[in-house]
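Only one chain is included here, represented as structure tokens and corresponding to the form predicted on its own.
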């Protein structure tokens, strides 16, 4: 049964179609990765599903509530972490969570126990009495998740929860999202493919306001699996030039380059195995690594959206 259901939803800003007939389904208990390039319509969708905007047309339900006619019912069903969460910076985490608990009508004992439980969940017990104004971006994101969970929501919406964090902060937030599995249905909007591949059960890929595909992560990888090779060398200019020449070959699907490594998707494995090493040597490359690899979510994304859309 769907906890979040969107049917043929559109959102127009004049001539701009931010959403163009979007369909979306999220099953209860799922950690759902809502994936797409910047400008695809992810934030617009989350704003509508959290009651912050209205669609031009279409239907949407969240936790059994009709979003378009929700009144006061929707806020009690959902939690929301925007990309830039806001706080009263002079408060401590304990004070801030207690304040939110009051807004949701929690009793004194419920606020105290819930705040303690959530600060343990986000690993902030040691800073529970420090002023929020001195927190790092990662700490604020974790506190934002705790704030969104204060009233035991059925659905938690996270908008780009790790996109602006350093590696340590990203790991903290992704670990936290993994720990939320089973506590709420989580919809995580992002353009970072590795984050989705790490923590999400289900994946929906959106582009230009339309859902391209949604599927369990592993089924998606199997369905769109294409042979892939990685070639690593120290001579990056020569590697890049060789990569450009590979793009013109009929048996090559795509070539991407990052940190001295070419990732090559191919249509014909036999031809690739026979030609890639020979071609690399012919290009004067001294290889550090040559490997046939398991396709990733990035490979699927490139097939469906195109390399020019990856941010």
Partner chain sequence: MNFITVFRKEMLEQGRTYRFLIVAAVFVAFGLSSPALAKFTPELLKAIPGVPGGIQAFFPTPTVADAMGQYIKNMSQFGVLLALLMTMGVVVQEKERGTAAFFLTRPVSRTTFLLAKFASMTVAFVVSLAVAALGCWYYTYILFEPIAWGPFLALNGLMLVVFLVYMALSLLGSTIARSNGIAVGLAFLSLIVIGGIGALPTIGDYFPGRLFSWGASLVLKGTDTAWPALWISLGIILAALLAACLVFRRQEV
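Every value quoted in this text rests on a predicted model; they were computed, and no experiment measured them. In this text, the rigid core denotes the largest set of C-alpha atoms whose superposition between the two forms falls within 1.5 Å. Positions refer to the first chain, counted from 1.
There is also a form predicted together with its partner chain; it is not shown, and the following applies to it.
Engineer: Given that its partner chain is not shown alongside this chain, does residue 206 nevertheless sit within 4.5 Å of it in the predicted complex, heavy atom to heavy atom?
Structural biologist: The answer is no: residue 206 has no heavy atom within 4.5 Å of its partner chain.
Engineer: Can you tell me whether residue 224 touches its partner chain? I mean in the predicted complex, with a 4.5 angstroms heavy atom cut-off.
Structural biologist: Although its partner chain is absent here, residue 224 would stay clear of it in the predicted complex, with no heavy atoms inside 4.5 Å.
Engineer: Given that its partner chain is not shown alongside this chain, does residue 52 nevertheless sit within 4.5 Å of it in the predicted complex, heavy atom to heavy atom?
Structural biologist: Residue 52: yes, in contact with its partner chain in the predicted complex.
Engineer: Given that the partner is absent here, does residue 96 sit within 4.5 Å of its partner chain in the predicted complex, heavy atoms only?
Structural biologist: Judged by the heavy-atom cut-off of 4.5 Å, residue 96 is in contact with its partner chain in the predicted complex.
Engineer: Out of the stretches listed (228-236, 121-129, 193-201, 150-158), which one is close to its partner chain in the predicted complex, meaning heavy atoms within 4.5 Å?
Structural biologist: It is 150-158 that comes within 4.5 Å of the partner.
Engineer: Checking a candidate spot here: are 251, 284 and 304 all in contact with its partner chain in the predicted complex (at least one heavy atom each within 4.5 Å)?
Structural biologist: Not a single listed residue reaches its partner chain in the predicted complex, so no.
Engineer: Which one, 76, 210, 112, 181, lies within 4.5 Å of its partner chain in the predicted complex by heavy atoms?
Structural biologist: It is 76 that has a heavy atom within 4.5 Å of the partner.
Engineer: Between 273-287 and its partner chain in the predicted complex, list the residues on our side with a heavy atom within 4.5 Å.
Structural biologist: Heavy-atom contacts to its partner chain in the predicted complex: nothing from 273-287.
Engineer: Core-aligned, is the CA shift for residue 89 between the shown form and the other one 2 angstroms or more?
Structural biologist: Shift at residue 89: 2 Å or more after core fit.
Engineer: Once you overlay the rigid core, does the Cα of residue 208 travel 2 Å or further between the shown form and the other one?
Structural biologist: No; that C-alpha moves by less than 2 Å between the shown form and the other one.
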